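Next up: just one chain, as structure tokens, the form predicted on its own.
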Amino acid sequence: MDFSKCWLDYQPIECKEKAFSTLSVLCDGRVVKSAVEEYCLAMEAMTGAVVEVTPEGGRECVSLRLDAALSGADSYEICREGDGYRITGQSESGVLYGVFEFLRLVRTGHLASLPLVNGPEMPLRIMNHWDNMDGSIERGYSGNSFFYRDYEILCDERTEQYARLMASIGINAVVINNVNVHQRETYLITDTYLEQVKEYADLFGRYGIRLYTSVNFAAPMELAGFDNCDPLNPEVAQWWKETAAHIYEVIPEFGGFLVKADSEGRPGPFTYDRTHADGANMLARALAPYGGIVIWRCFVYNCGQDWRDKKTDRARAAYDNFIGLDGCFDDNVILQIKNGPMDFQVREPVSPLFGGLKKTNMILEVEIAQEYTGQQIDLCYLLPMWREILDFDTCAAGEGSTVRRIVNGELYGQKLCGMAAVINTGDDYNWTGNDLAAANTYGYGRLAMNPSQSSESIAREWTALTLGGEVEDTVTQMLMGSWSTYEKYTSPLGIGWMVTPHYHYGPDVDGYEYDRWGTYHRADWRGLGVDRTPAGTGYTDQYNEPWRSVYADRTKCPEELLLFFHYVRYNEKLRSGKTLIQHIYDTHFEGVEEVEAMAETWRQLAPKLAPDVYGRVKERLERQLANAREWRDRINTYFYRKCGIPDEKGRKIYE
């Protein structure tokens, strides 16, 4: 097992298929060339035979073809043809995706499932990198950047390997720098770095991936000495038009800009009493002549809140800032909306913006990097969470108005939509620090390509490709239970935020309770939770019915979100019959027990795994167990000291 190759580690297989040794290429183009190279590399590694590449067809071969009539952009069809196989793509990218799919079927022994017609459901499938040019990664938990080092751009074998990995899971857009654009990164759109950025664009382009950069809204001030960056200032707009024209002169296939504005200290249109539509449209009009896109993040809130103020609610912010602008954005603007209203917590309700906006392009933003879910130390397979989000019915246009149908373009007929993820890769040998954390990277791409595929089947697929079929059942079971386990020993019932400030790993129950970030649990001696009903912050009113009423009703609110929406007394009974405080005690003990069981399960797999893989994951599970115990003891002790109600089961709680 070579984890530097992740799921593209092509191990030898038993092969009786003569067709695999001949590749008939009946189409051309640079992306097709990459597909051919991948096929040859894989088959030669798996079978030991050199692949003959020919422009002629035949009965015993694998053939690659283009057919623009195939239904769906970048779709593909794989079928048997004579004594061989035919891979047909609607586009060059479709051919590439088809080749990767074919290789997966060969490696997992599932060729009997043919014929197969498939294609990407989400139009845009984006990876957001939070890499900085000094080589650091904001919220990076697997080493330093492989894009940058000491303010230099790296373009080497590792970046090509990265492009291959992303193409293999269907990614078609990559943002190469942090949304918090620092001084040097502001120059990425200038001649200081454009030729080097072009190298990335060309590399990604060979794999059907478009390159985007995060831009500094105040770039005209920092780069050109303007005294403002008012989006309605004609000189500012003209500067961006000239800048965009030059970018596309150097990089004709440039994708566009990602923008974080008016958030957490970033500059934006609010400074000039302008709207976010004013800011986004100004940039969009600069990019429009070249087919460029502006992706505008909706993570906008008051980060200087007074904890004494119980009416101002961070959860309300995205909806309050953007719902009144629905229909005001240009056609090449996309709003990038976090899955929940707060910030990638282990449990949040779905952002109400998905159910509110109807005339605006939307992308669902999730976080592969486990900022609040264990930081790739603790095992936390996130696909079950993302599946719940995609399947959530917003009731925006009647029953069946799921987030999935909104962000795949089906509900409102939009083409600029899809999913974006904050990725978890770094320059660690295994890319993701914890070998098992790569399941989230792989799974995100596969889910964005085909949201109907189950979380379990993706986990099985990843395990078979990376660890082997012998451990497939056991590791899949570990992955599938890990999100629930993590939730049990951390924050109860949707409350969130009980983490160490800034680092966001490990428990600190009051770490954010009296801070400026709007991240409160409101615990006192009687109970805890945030009242977001109409009698409280009014956040529940941002949802469509029936969710508005369901969330506002203490007796109907889903219990996994109970404390997100309601203040609940410790002695109140939940539907299980347990009191709130007993639920807190029980789940935190259960979470630790489940981590102990996972660690023991992994120990039993030792004879079936490569020693280095076994050792790396074993070390992470030991750290996770220590973390889970610390969470259990701090949370249980904290709430015992608040309420004085003992554990009914008499377990050790520190007084």
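Remember, it's a predicted structure, so these values are computed and weren't measured experimentally. A residue's number is simply how far along the shown sequence it sits, counting from 1.
What follows is about the form predicted in complex with a small molecule, which we do not show.
A.B. asks: Considering the small molecule in the model of the complex, which of 524, 456, 388, 264 comes within 4.5 Å of it through any heavy atom?
C.D. replies: Filtering the options by heavy-atom distance leaves 264.
A.B. asks: So which of 372, 146, 85, 567 reaches within 4.5 angstroms of the small molecule in the model of the complex, heavy atom to heavy atom?
C.D. replies: By the 4.5 Å criterion, the partner-contacting residue is 372.
A.B. asks: When you measure heavy atoms, are 179, 297 and 504 every one within 4.5 angstroms of the small molecule in the model of the complex?
C.D. replies: Yes, because 179, 297 and 504 each have a heavy atom that approaches the small molecule to within 4.5 Å in the model of the complex.
A.B. asks: My question is simply whether residue 139 lines the interface with the small molecule in the model of the complex - judged by any non-hydrogen atom within 4.5 Å.
C.D. replies: Taking the distances in the model of the complex, the answer for residue 139 is yes, it comes within 4.5 Å of the small molecule.
A.B. asks: Taking 4.5 angstroms as the cut-off for heavy atoms, does residue 130 touch the small molecule in the model of the complex?
C.D. replies: Yes, residue 130 lies within 4.5 Å of the small molecule in the model of the complex.
A.B. asks: Does residue 313 make contact with the small molecule in the model of the complex, using a 4.5 Å heavy atom cut-off?
C.D. replies: Taking the distances in the model of the complex, the answer for residue 313 is no, it never comes within 4.5 Å of the small molecule.
A.B. asks: Would residue 125 count as touching the small molecule in the model of the complex under a 4.5 Å heavy atom rule?
C.D. replies: Residue-level check for residue 125: no, no contact with the small molecule.
A.B. asks: 578 to 586, 130 to 138, 349 to 357, 92 to 100: which one contacts the small molecule in the model of the complex at 4.5 Å, heavy atom to heavy atom?
C.D. replies: Of the options given, it is 130 to 138.
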